[in-house]
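Below you'll find only one chain, the form predicted alone, shown as structure tokens.
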């Protein structure tokens, strides 16, 4: 029998703001574990609080499992800077209250519908029967806010691997979107040049393009892509070694060394893979867990979107956020989304919908029109597309 034990400890603070008032500041602490075993090539997985009990459950599941795995990895971790801020070890509720004061003083005209401030420390220990004995400590901070002004609303968020958060800039951006959307009007259906701001880029790409670059989806016939498929005039780099990157790490959740790889350079160069699929796709260090209660699977780390040409930002429908991007078809790339917080020639727009296919849309890239920003796993500038149908 081969085995893997993944232990995770999480602690931190969460502040909840509702209707402009600080409703609660919670401190939290949790400790969990997940175990995988391989018995006669069959994998058993279980998660819980007690390692011995979880191990026994994993053994029972392995006997009836259809999941297969050859072994567990044993690699040295990468060196990655900027993903742990020791100042969070001594953070207190008073610090959170100071951030709240900064928040309420940042919004003058709109009202804060809700907001969340989170600071957390995550410690991971991973051991397996192949000899891996790895540990890491990381910090995460995040701030999200929804503002309202008359009939309009605006949403924005920011993340950091340090104690510092861009609360003022993020809150004021959400306020501007809310004020603008309160005066929004409809536009006629037709073909428009679009500019997707970084939030909208992430919302669209993460639900349409990224799933097609997963080694597991490719192996199971759930992707239309293959090596050499032309994507568009852009480059996608999956890089978990970026200093201070939100999705950076020393090793993935299976113990595979973090590796930078080019996924797309106009055409598909490689797919991101977990350890199971590394037999056919190579070890890329992208075996990640959506939660400790789930086994690792291929997921992107920091996806850097690079576009060579700079585009004029004028006379385009600017989209800050999408509504309904999670309903996209990750196999075909088809999507139907509502433009949320959009504007055309400095005039707020409402009710506009975009129907399309991500692989067709990507072939209409004209260039970038802003500095890059990280939104969850995506690091991207605003991107301009030509002649996209809007209804």
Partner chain sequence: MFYDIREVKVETLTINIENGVVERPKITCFHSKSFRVLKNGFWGVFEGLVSDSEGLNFAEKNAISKGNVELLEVNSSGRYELKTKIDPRDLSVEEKLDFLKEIDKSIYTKTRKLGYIESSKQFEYRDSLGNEVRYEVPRIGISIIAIAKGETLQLISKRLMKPGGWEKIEGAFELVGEINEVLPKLTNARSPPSGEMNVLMNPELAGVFIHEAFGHAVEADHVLQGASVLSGKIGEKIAGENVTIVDDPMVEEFGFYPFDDEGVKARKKTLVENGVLRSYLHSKETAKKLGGDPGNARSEGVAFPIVRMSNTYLKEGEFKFEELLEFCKNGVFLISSRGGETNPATGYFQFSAQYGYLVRDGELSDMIRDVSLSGTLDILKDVKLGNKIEFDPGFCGKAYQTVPVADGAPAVLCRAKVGGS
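All values derive from a computational prediction rather than experimental measurement. Positions refer to the first chain, counted from 1.
Omitted here: the form predicted in complex with its partner chain. The next part is about that form.
Trainee: Taking heavy atoms and a 4.5 Å cut-off, does residue 113 contact its partner chain in the predicted bound form?
Mentor: Yes, residue 113 is a contact residue.
Trainee: Is there any non-hydrogen atom of residue 1 lying within 4.5 Å of its partner chain in the predicted bound form?
Mentor: Looking in the predicted bound form, residue contacts with its partner chain do not include residue 1, since no heavy atom lies within 4.5 Å.
Trainee: Contact between residue 352 and its partner chain in the predicted bound form at 4.5 Å, heavy atoms?
Mentor: Residue 352: yes, in contact with its partner chain in the predicted bound form.
Trainee: Given that its partner chain is not shown alongside this chain, does residue 224 nevertheless sit within 4.5 Å of it in the predicted bound form, heavy atom to heavy atom?
Mentor: Because a heavy atom of residue 224 falls inside 4.5 Å of its partner chain in the predicted bound form, the answer is yes.
Trainee: Have a look at 69 to 77, 119 to 127, 289 to 297, 240 to 248 and name the one stretch with heavy atoms inside 4.5 Å of its partner chain in the predicted bound form.
Mentor: Contact-bearing stretch, as computed: 289 to 297.
Trainee: Check 29, 32 and 146: does every one of them have a heavy atom within 4.5 Å of its partner chain in the predicted bound form?
Mentor: Yes.
Trainee: From the list 166, 138, 216, 306, which entry has a heavy atom within 4.5 Å of its partner chain in the predicted bound form?
Mentor: Partner contact (heavy atom, 4.5 Å) among the options: 216.
Trainee: So which of 89, 108, 133, 151 gets a non-hydrogen atom within 4.5 Å of its partner chain in the predicted bound form?
Mentor: Contact residue from the list: 151.
Trainee: Just give me the residues of 20 to 49, first to last, that have a heavy atom within 4.5 Å of its partner chain in the predicted bound form.
Mentor: Going through 20 to 49 in order - heavy atoms within 4.5 Å of its partner chain in the predicted bound form - the hits are 21, 22, 23, 24, 25, 26, 27, 28, 29, 32, 43, 45, 46, 47, 48, 49.
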